[in-house]
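One chain comes next, on its own, written as C-alpha cells: the form predicted on its own.
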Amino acid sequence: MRLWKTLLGAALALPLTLGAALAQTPVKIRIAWVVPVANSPTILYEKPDILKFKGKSYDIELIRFQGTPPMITALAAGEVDVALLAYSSLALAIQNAGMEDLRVIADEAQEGVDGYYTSPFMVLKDGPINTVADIKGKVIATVGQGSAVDIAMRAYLKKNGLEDKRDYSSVEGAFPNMRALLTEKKADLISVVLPFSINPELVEKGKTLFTVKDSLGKSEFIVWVAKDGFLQKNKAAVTDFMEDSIRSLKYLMDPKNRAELLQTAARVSKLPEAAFSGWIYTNKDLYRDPDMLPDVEALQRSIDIQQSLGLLKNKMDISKYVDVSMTQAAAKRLK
C-alpha cells in the first residue's frame, strides 16, 4: 500500500514537474542570414555579458543561406523563425508565394539616408560611359532580376528613358564577381554593395554613375521578418529577444566599443579587422535605426516602385504586414 501511494504521488507530481521544466525552456529562435557581419545577427549575440535574456527566455540558432529565395522556402516550411529579407523578396513572398502571415518586426538596414552610405552603380573611369544615356546599347550586370539592387538599377534607367531588352541587355553575377565583370569589360555597368564596393582595384578603375539613393530615395532596404503565428505564440520571448538585440546593437555602435566591434567582426568573418575598420557601423555604412524600428513609409515607396516595374502584379499595402509592437516594447524598456 505504501508503495502504491508513493507511485501515485509521483504520477500526480509528474505533470507539474514537466510543466515547470517546459516553462523554463528557452524559446529557440532560428535566424536566417547570408553575409557574416553585414547581417547583424551574426555579431549581435557574441557578447554574453550584455545579453540579459539569452539562454533564459530565448536562445538562438544562426542558419546560413546563399540568398533570400531559399530563406522564403524555409520560412514557409517552418524551418526558420526570423529571416532578413530585402523589400523586394518580402513583397514577392507575400504576393507570389501567398505568405500572408509574414510580418516585418524590425529594421536591419536602410539605404539613402542623408549623411550615410548608399550603394553605387559603377562604370569604368576610362570607359565610354559618362552619362546614363551612354548605357544605351550596353550590357548591365545584375545579381538577379527582382533583387533589391536590380530594382533600383532598372528603375533609374527607366526614369531616364531606357528600357530593359530594348535599350540594353543584362548578365547575372554574384557581388564578389562584379569587379571582374567590369574590369574585364564583360559588363559596362555593375551594381555593388559593401564590402565589395570598396575593393581597392574597383575604386582605382571604376567610378560611380548613380546610386541607390538617386533611384529610390530613402528606402527600407532589409528588414527582419517572422511569421505571425510564431510571434503570437512567443510574444514575451520575442520581446526579450528584441531587447537584447537592441541593447547589443547600441553597444556595438558606440564609438567607445569600436575596438571590440572590430575584433568581433574579424572573429566571425575570419577576415582582418582592416576589412571593416573604415566603414562598419559608421556613416560610411548603411543606416541602422538604433531602436531597430523600420521606416514603413520608405518600405512602401520601394515596393510601389517594384510594382511599377511590373515585378509585382498588384499594389500592396505593406502596413498590413508590419508588427513592430514587440520591438517598440523592447526599445521602451531601454529608455
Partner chain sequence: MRSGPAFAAGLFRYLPIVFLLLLWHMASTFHLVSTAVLPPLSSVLSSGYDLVSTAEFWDNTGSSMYRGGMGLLLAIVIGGALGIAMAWWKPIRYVSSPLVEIFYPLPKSALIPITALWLGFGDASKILLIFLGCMLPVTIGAFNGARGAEQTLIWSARSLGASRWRTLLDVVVPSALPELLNGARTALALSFILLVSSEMIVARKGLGYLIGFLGDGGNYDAMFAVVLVVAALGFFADRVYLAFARRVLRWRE
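Because the structure is a prediction, the values reported are computed rather than measured. Residue numbers count along the first chain shown, from 1.
Keep in mind that the form predicted together with its partner chain is not shown, yet the notes after this line are about it.
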*asked:* I'd like to check something about Tyr116: if you look in the model of the complex, is any of its heavy atoms closer than or equal to 4.5 Å to a heavy atom of its partner chain?
replied: no
*Give a yes or no for Asp126: in the model of the complex, does one of its heavy atoms lie within 4.5 Å of a heavy atom belonging to its partner chain?*
no
*Does its partner chain come within 4.5 Å of any heavy atom of Trp33 in the model of the complex?*
yes
*Spell out, yes or no, whether the shortest heavy atom distance between Glu184 and its partner chain in the model of the complex is within 4.5 Å.*
yes
_To test your reading of this chain, name the stretch in 58 to 66, 282 to 290, 296 to 304, 45 to 53 whose heavy atoms come within 4.5 Å of its partner chain in the model of the complex._
58 to 66
*Quick one: from Asn160, Asn177, Thr211, Asn257, grab the residue that has a heavy atom within 4.5 Å of its partner chain in the model of the complex.*
Asn177
*For 248 to 277: residues with a non-hydrogen atom within 4.5 angstroms of its partner chain in the model of the complex?*
Val268, Ser269, Lys270, Leu271
